[in-house]
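So this first bit is one chain, no partners, the form predicted on its own, shown in structure tokens.
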Amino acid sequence: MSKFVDQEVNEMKSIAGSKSPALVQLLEWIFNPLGYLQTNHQKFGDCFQMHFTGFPPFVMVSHPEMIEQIFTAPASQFDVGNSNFLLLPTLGENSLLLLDGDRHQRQRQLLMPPFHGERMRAYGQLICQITEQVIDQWQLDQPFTLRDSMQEISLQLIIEAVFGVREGDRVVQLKRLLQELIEAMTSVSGTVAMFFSSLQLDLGDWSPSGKLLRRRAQIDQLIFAEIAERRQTPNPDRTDILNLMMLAVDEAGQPMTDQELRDELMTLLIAGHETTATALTWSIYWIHRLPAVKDKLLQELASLPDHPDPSSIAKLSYLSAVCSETLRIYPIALMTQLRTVKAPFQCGNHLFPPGTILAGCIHLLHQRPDLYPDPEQFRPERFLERQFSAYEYIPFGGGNRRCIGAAFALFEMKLALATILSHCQLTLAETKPVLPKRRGLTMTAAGGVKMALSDRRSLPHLAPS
């Protein structure tokens, strides 16, 4: 029985939280987010307030029953788009992440076709090919930063999936500009400026905000040029994401405008590769940190027939468990999208008034020992021993705001991992444990994980067909 069932509304107590000055809390959140979350959770439990300078207070929840109540509430209960205002300067007001109500539902429906199962599986060969091209550049016994390679794979993949082209001046420029834009956003100075509006000044190309504005304008120019060319010479036979987006129409028969296309493309290009690169980095780190995991994974891959179909690789149970455990132990996002309460909302023991901002804490939920015994241990077997609900395991958020590209990201992770393991024998170049650190609004592996190629595998039958 729910621990909340017998509670009455008039017994609901106010939400506890740290009494530290709001500026101190904000600095902790920026520079030591995991420590900040764990300290508050230990003091105040599964529901506590966070106070940051320049932001309205918001409530962090990490009990699965409360998260279920939030995820299953009617969409009209919350205002989500405006709560994600930190993303507005880069993604634009038409991004799926910044919309609510009918507009959100419309855009989500228009974006679904490229991520349909059959369409998505068509990218299987492409994922394997791009991964092979990147790992062929690794030199024997020469240490390299793993995350840089994983970002090269994921960025090349999302550009080719979105635009359907691999080469050309526009692709080269777009890759360079996206990398520079993301580095400006996720650098220490860029991250601090994101949380302090007073620091968001255009002081020229050397300043984070100035660099971001200029790179964004240059990227916009490339995207609008591509859209204009597609408008002039439409080709319904193309299967890239941009073409599918341009062909999609809503219930009234209306397609997306150029500005809507631009904002959704920016969302896909940035969110669609940065997060997957981090997840791949962590997966490979854990696989090589724990030899038993690597051995079991190689045994499973070896059980496949010669040159397996990408879809059969994606169905492997232990490979799937490794990916799931990667996203559990160090989730890329610490919390779900913020939801601002629009009408009184009862959740758990609390009645939240309008204006309350709620967030499900992915990190704290995934560290609950009642759900995940020994939560600090990387143990993929836990995902083979039981199935977790959509409120107990939430690496991609949930409800009507669940990440639209979740299936694509997992498909990419599995195929890239299988390709790397079938071609390369890698070793960790450093023995000390790698810890998570903030990278903009997400968490990543500190230092990017240093690795070295010790040998090329001669297991051609493991390579996908």
Ligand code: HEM
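Given the structure is predicted, the values throughout are model-derived calculations rather than measurements. Counting begins at 1, following the sequence as shown.
Form predicted in complex with the named molecule: not shown, discussed below.
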Item to check | Heavy atom of His104 within 4.5 Å of the named molecule in the predicted complex | outcome: yes
Checklist entry - Does the named molecule get within 4.5 angstroms of any non-hydrogen atom of Phe396 in the predicted complex? => result yes
Item to check | 4.5 Å heavy atom contact, Asn400 and the named molecule in the predicted complex | outcome: yes
Checklist entry - Is Phe411 close enough to the named molecule in the predicted complex to count, meaning some heavy atom within 4.5 Å? => result no
Checklist entry - Taking the partner as it appears in the predicted complex, which of 91 to 99, 129 to 137, 381 to 389, 222 to 230 has residues with heavy atoms within 4.5 Å of the named molecule? => result 91 to 99
Item to check | Contact at Ser20, Phe55 and Ala193 by the named molecule in the predicted complex, all three, heavy atom at most 4.5 Å | outcome: no
Checklist entry - Of Leu265, Leu327, Cys361, Ile159, which residue is found within 4.5 angstroms of the named molecule in the predicted complex when only non-hydrogen atoms are counted? => result Leu327
Checklist outcome for this item: In this chain shown alone, the residue from Ser207, Thr340, Gln367, Gln337 with a heavy atom within 4.5 Å of the named molecule in the predicted complex is Gln337
Checklist entry - For the stretch 258 to 289, which residues lie within 4.5 Å of the named molecule in the predicted complex by non-hydrogen atom distance? => result Thr267, Leu268, Ala271, Gly272, Thr275, Thr276, Ala279
